[in-house]
Every structure is written in structure tokens, then in C-alpha cells.
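Presented below, as C-alpha cells, is a lone chain in the form predicted alone.
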């Protein structure tokens, strides 16, 4: 919808789980886009969240309408009804379902956004606001890369503004499940990912072309955050403080100190509660000050970071909406607006 030169983009969200409902909350804080409705397969407490927040609820599975009625939830219509009344759809269905849904979105002639659980081939381009915002402009379909890839893209993107990188090697320590998932594991084990590289390295190349990265991964019995250990060769020698200051300048990265009590991911997420955000989210990537160092010649960098897997992609999605929807062509302007509305970079 164009209001006297001002674009108010009508958004539909298909899937209202971990990411979908966070995006609905974030979009509600923007003045250039609005959520027309969210589609759910069945009634549950997440669907009730939509009702309580005034987000119109649509049924995505024909025949399940009676279940919503029995649960006391009024429906605004079917998924088809939602798709016929919007400009852009954000697919937040479970991983690997995006490709199945794509044909339906295409039938309605919609701009389409997918999440990092989908293969990169599902969309025309993959997206990270900091590194390739312009690639999404004018496209019909875009995939926002995963939480881990977003974490790598932010900090390695910063490093590469200071020096070209040679070999980058990273070990990903992945949480086993999100806090709300009771059906995933491991519960008491460390599980290696047999694929080498893990999908994170190749995925990073979709937003930072040409980066020489090898990634390996473990899943561990934690629900709080992912952690990365990163080692990078530098073409130009850098000192520790130069790199840390670059990270400190990025509102979407936070440098925390073990000496201040941030000894583990538990303290990081405990502090996130103090920031007063929806769902106590941590949008920024956490880099530990004491866990960053360089070699004596300044040409090898080592650091550790943490990623809140439930929320770090939220700001990226808001920026992607602006790029894909033709609202804003300047990445810095979009990121600044998103950061302000979501409080990214605010507080300690």
C-alpha cells in the first residue's frame, strides 16, 4: 500500500512458532510495514499469543478449522485468504517445508521470504543485511540465512573490512534444542556432525562470496545459545584492540567480559532478561573480550562468540522486508531504523 509516497507493506506470516511470532512482534514496532495475519496448522498456546496480540489468525490446514473453534479461537480465514490480501509472505514453517509452499506463494504473485532452514536454492538470493543487502532489491524471493550463519557473517564481515582473510576455520558448538522443544536431543551427550564441512561454511559463502572457510560442528545438551570458536588468517596484520573496537562499533555485536560475570552463555541469557525486550531475546552476537587474541605477527586471529539462535535473525528479517519490498534501498538507513525500533545495541 502506497500512502502518498509512503509504503506500508502488508505482510503475512505462514507459521507462528519460534521465529514467526518473534517477527510478528518486531513488525508491530515498525511504521512502514504491518502484519495482516498469521497462519497456523492447529490451535496451541502460540496461536493464543497471536490472538492476545491482535494478530488475525488463519488456518493453514483445510479441515482443521473446527479445532480452532473448539479452542475458542476465531479465524479470519484460510491460508489462501491470507495470501490473497498481502504484498509479501514470510515462510516460517518448519524446515524444508518452504520449498513445498513456494508454488502456492507464486500462484498469488507474492514477494517471498524464507528462513535459514531452507536450502539456498529455494530462493533467488540469500541475505545478510550487513554484507549483501542490495542483492535482495528487486528480487521475488529471498532466504534469510540461519542463526549461525548470521553470527559468522556479522563478525567475519567486520573483520574483512579491516583485512582480507585467508583460511577461516570454525568449530560450532550447537545447542541441542530450543528451550520450548521437548522432543529433541541429545539430552546427555556430545553429538558430532559427520558432514564436513558442516552446512554453516558453505552457507556463509552465499552472503560473503569467495570466503575460504571450513566449518565443523557438535551438538551439545544445552538449550540456551550456540557458541563458535573462530580462527582466521589475516592478509594485513591487526592488533587485538583494533578488532575489538570494530566489534564494539557494530550495534549488532556485543563485546562482553568474563571479568564482568559473563562466564557462560547462562549469564548472557540471564542478562538478556534485564534488557526488557520481547521474550528476553538477545539480538546481538556476543564476543568474549578475553577470548579474542592475535598471533605475535598479528596475522592470525582467534576468538569465541555466542549466538542466541531464537532471535539473532529477527533484525535481519526486518531489513530483508525493506529490501525485498522496495521500502528502503540504503542498508545503513534500514539497519539504523531496525536497531532503533528493536533496541538493538542498547544497554550494556
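Residue numbers count along the first chain shown, from 1. All figures in this text were calculated on a predicted structure; none of them were measured in a lab.
Although not depicted, the form predicted in complex with a small molecule is the subject of the following passage.
Undergrad: Can you pick the one in 138, 109, 94, 194 that has a heavy atom within 4.5 Å of the small molecule in the model of the complex?
TA: By the 4.5 Å criterion, the partner-contacting residue is 94.
Undergrad: So in the model of the complex, does residue 339 come within 4.5 Å of the small molecule, heavy atom to heavy atom?
TA: The answer is no: residue 339 has no heavy atom within 4.5 Å of the small molecule.
Undergrad: With a cut-off of 4.5 Å between heavy atoms, is residue 17 one of the residues that contacts the small molecule in the model of the complex?
TA: Residue 17 belongs to the contact set for the small molecule.
Undergrad: Does any part of residue 321 reach within 4.5 Å of the small molecule in the model of the complex? Heavy atoms only, please.
TA: Close contact is absent here: in the model of the complex, residue 321 is far from the small molecule, nothing within 4.5 Å, heavy atoms only.
Undergrad: I'd like to know whether residue 310 contacts the small molecule in the model of the complex, with contact meaning heavy atoms within 4.5 angstroms.
TA: Yes, residue 310 sits close enough to the small molecule in the model of the complex that at least one of its heavy atoms falls within 4.5 Å.
Undergrad: Exactly one stretch in 156-164, 264-272, 248-256, 174-182 has heavy atoms within 4.5 Å of the small molecule in the model of the complex; which is it?
TA: Of the options, only 174-182 has residues within 4.5 Å of the partner.
Undergrad: Spell it out for me: taking the small molecule in the model of the complex, does every residue among 12, 67 and 85 have a heavy atom no farther than 4.5 Å from it?
TA: Negative, none of the three is within 4.5 Å.
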